[in-house]
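Heads up, the chain below is alone and in the form predicted alone; it's given as structure tokens.
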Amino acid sequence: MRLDAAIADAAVRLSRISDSARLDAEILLCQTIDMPRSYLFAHPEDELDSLTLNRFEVLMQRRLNGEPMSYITGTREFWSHQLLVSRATLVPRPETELLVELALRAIPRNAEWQILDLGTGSGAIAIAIAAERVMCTVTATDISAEALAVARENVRHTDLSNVICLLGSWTAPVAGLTYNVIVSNPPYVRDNDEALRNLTYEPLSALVSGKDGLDDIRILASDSIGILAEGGWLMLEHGADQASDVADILSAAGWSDIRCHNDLAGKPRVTVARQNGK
């Protein structure tokens, strides 16, 4: 079968489960033949042998079963960085770039601040901030050794010397230290949320946080205040329908200057609060 025919056939099959069926087909075929996408456009007449077609079909079946492209390819772009991902980490979402943007607004370009990323997963947020604020030290924690291994590999690939990865639950690995900005994209999905049906490939521990989805945010609101410098910022990603509840949690924990910011879709996505409001 020719390359162009294989792509066309795969795109039709993938159209029932993907909004980017042709792109998915091209990426999967590139992965199969270990060539860039430009090769597909330059050599549409190339013939695929049966062994190659069989390998392509294996990848196709994974995608048709609903597995995210990022897990199949093992990579995901975030803040212009090509990051490794695995089944131990969430796939970085575009809306999470708002969290990075808000952090960068708060951190002066030449600041030598201490930044903390809690629950780093693949390291996407920590790496994005560290690459933009090279004078800062960014510490990234995660309770999952498997996820932290992915984060460390991503740090190595991006050749950043200002990221520290520590194993442990939330603030436990950094007890007694002080940070100027704390960021986190914690689990915030309700344990009975129907959306979980479409997230079966991603680690539940990085998604689900109790009956109302806010258990981990309560921990962060309580524990972060003790390690944040006076006037420092806490920035939390959350569900689009949780802004009011998150604000109440932060207020009850003693935070001030609480504000929610909308993502590009106009949905309330990141709430920031300040230590003592100063």
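This one's a predicted model, so the numbers in the text were calculated from it and none came from an experiment. A residue's number is simply how far along the shown sequence it sits, counting from 1.
There is another form of this protein, the form predicted in complex with glutamine (GLN), and it is not shown here; the text below is about that form.
Judged against glutamine (GLN) in the predicted bound form with a 4.5 angstroms heavy atom cut-off, the residues L98, R105 and N180 are out of contact without exception. Residue in contact with glutamine (GLN) in the predicted bound form (any heavy atom within 4.5 Å), chosen from L84, V155, L90, L148: L90. Distance criterion of 4.5 Å from any heavy atom to glutamine (GLN) in the predicted bound form singles out A206 from the list A206, C136, A131, I164.
Taking non-hydrogen atoms only, I72 never approaches glutamine (GLN) to within 4.5 angstroms in the predicted bound form. Interface membership of E237, defined by any non-hydrogen atom within 4.5 Å of glutamine (GLN) in the predicted bound form, is confirmed. In the predicted bound form, L160 stays away from glutamine (GLN), with no heavy atom inside 4.5 Å. Although the partner is absent here, I143 sits far enough away that none of its heavy atoms falls within 4.5 Å of glutamine (GLN) in the predicted bound form. For glutamine (GLN) in the predicted bound form, the listed stretch (122-130, 182-190, 166-174, 106-114) containing residues with heavy atoms inside 4.5 Å is 182-190.
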